[in-house]
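A lone chain, given as structure tokens: the form predicted alone.
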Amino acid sequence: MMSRTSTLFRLASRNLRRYLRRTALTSSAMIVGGALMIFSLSIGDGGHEDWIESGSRMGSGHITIQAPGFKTSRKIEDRLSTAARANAEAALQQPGVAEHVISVVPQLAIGGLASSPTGARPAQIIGVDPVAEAEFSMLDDRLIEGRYLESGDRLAAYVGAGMMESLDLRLNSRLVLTAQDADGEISGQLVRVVGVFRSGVPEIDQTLVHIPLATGGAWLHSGDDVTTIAILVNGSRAVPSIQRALQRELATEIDNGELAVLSWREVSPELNAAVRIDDMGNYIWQGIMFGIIALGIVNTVLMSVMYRKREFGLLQALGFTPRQTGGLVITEGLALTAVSGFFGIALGLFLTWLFFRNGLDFSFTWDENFTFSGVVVDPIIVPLFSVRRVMQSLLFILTIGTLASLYPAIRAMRIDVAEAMKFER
């Protein structure tokens, strides 16, 4: 068996060398295709990671712990109790989780109304720990006037520029926030604007207000309870394993309906859909490109079969079965695609790292505050390399090579030995 297999590989290698020009042309197309594939996947993955990071920092993190009903109700009665919050924070300290966690931020988020002497508008009010939130969020970096919240603040508010304009507010202006408190009563809180931000997302700039968490707890009679624990981890690819670990640690609380552990995909379905659609577009483009390359492989291998009828007839006369003859043709196609794919992927990785490891600047194609699916997109995309993508690309190329070799292999299997022995070149 081993002898027959080694014979197949030797014959396949010899035949590829015999038609060197045709082999080189097809191989060149495969190498260029492999290089373009790994480049586009690396840039795409880097862009997606940037979207997810931005969306997580502007929202509720890579992973969110909250009461099961809060995602749909957004009401303060669907909040985490002090005990549930303590259990969740303890779970985040467990081995296998703690080493991946970058930041943990408690938030008290409610829908309400913001009003000034000139008018009122709906508001998304979030009580935050100023120190933890500054490390977690990007909003403090979007400051355009004043300052961000500080640990000693009590009646302070950090407000979006859109809301400032619509309510005709200025720095140090007074603002009244109104919402339903934990007792079910409508309650108001007077705050003073200490800082103004412009996120680049109009929906956020027109509705979002940050206030100190202690102020929110006292105003809404919720004490130390929070609605959300936002968790930032070291990369979106770590999210599934960390989510499963937290769900194991908090299984009792989850079964009792006290809390739910949600990934960014569940909390931000629009962002998840955007990432998936962009990935699908990339896959379609790769499929079209390699479909064209596959036609070149079919041509190379099929022409080889047509010119070698006498050789195949002789091999079958010497004991090769039709299946082994087809196997020889498939081996040639696989050898061609495997070597070309390996070199193409290696070339793509090297060139991408050499020229774009510090990022590919797309600022000439969009504005500084270009948004996509509610996320401000950084125009400089840093490629993201991974073994998983390399293996996927190599497997895809090998699959294309196998499929492209099937028809020529079938033609080779159907060669009539008697007719082939009479065939003259």
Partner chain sequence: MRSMTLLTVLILVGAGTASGQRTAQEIIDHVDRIMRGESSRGVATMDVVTENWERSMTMEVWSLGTEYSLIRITAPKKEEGTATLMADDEIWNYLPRVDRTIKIPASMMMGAWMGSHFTNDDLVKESRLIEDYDIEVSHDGDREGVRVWELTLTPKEEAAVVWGRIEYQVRQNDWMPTWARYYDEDGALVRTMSFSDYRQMGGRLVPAVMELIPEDKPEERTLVRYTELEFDIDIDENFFSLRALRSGGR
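Predicted model, so just to flag it, every value in this text is computed and none were measured. Residue numbers count along the first chain shown, from 1.
One more form of this protein exists, namely the form predicted together with its partner chain; it is left out here, but the text below deals with it.
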{"query": "Heavy atom contact within 4.5 Å of its partner chain in the predicted complex, the stretch among 144-152, 190-198, 281-289, 351-359", "finding": "190-198"}
{"query": "Contact at Ser173, Val176 and Glu185 by its partner chain in the predicted complex, all three, heavy atom at most 4.5 Å", "finding": "yes"}
{"query": "In the predicted complex, the one of Val298, Ala238, Ala335, Leu113 near its partner chain [non-hydrogen atom within 4.5 angstroms]", "finding": "Leu113"}
{"query": "Residue (of Ala120, Ala90, Val131, Ala98) lying close to its partner chain in the predicted complex, criterion heavy atoms within 4.5 Å", "finding": "Ala120"}
{"query": "4.5 Å heavy atom contact, Asn272 to its partner chain in the predicted complex", "finding": "no"}
{"query": "Touches its partner chain in the predicted complex: Ser166 (any heavy atom, 4.5 Å)", "finding": "no"}
{"query": "4.5 angstroms heavy atom contact with its partner chain in the predicted complex for Arg85", "finding": "no"}
{"query": "Close approach of Lys75 to its partner chain in the predicted complex, 4.5 Å, heavy atom", "finding": "yes"}
